[in-house]
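Take a look at this single chain in structure tokens; it is the form predicted on its own.
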């Protein structure tokens, strides 16, 4: 994974988002064992404590769980992963829609732009 960080946001938040993206995209499928904190921290070139904080946040969300002495795993609840994926998609759509509305586009113009882009990408 190519870890990219922006200086304007806490690193642990960005780590959490990137690991979450790996989960919802299937890089780490439901039930998969995650690499160790040390391995992930080394790969991302961050302090293990920072990565640990990101994983704790993902545990609070229910996307990751820990089995003592064995390691961390992605939830086996595929519905939870699907819901997280949908939630992230809605957040992205909302962000884009707000920007387009600020630019003065109407609902109909936005829909036409989206349809045009979807056809173009096929």
Partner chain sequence: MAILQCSGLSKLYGSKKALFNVNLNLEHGRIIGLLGPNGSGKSTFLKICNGLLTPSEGTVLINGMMPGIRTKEIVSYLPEQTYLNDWMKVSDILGFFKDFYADFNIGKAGDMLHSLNINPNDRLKTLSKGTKEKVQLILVMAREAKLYLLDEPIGGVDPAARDYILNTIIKNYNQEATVVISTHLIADIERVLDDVVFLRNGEVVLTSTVDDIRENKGVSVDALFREVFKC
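All of these numbers come straight from a predicted model, not from anything done at the bench. Numbering follows the first chain given and starts at 1.
Here the subject shifts to the form predicted in complex with the partner chain, a form of this protein not shown in this document.
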- Query: Of the options 27, 92, 49, 79, which one has a non-hydrogen atom that comes within 4.5 Å of the partner chain in the predicted bound form?
  - Reply: 49
- Query: Which of 97-105, 110-118, 5-13, 19-27 has heavy atoms within 4.5 Å of the partner chain in the predicted bound form?
  - Reply: 5-13
- Please state whether every one of the three residues 41, 45 and 53 places a non-hydrogen atom within 4.5 angstroms of the partner chain in the predicted bound form. yes
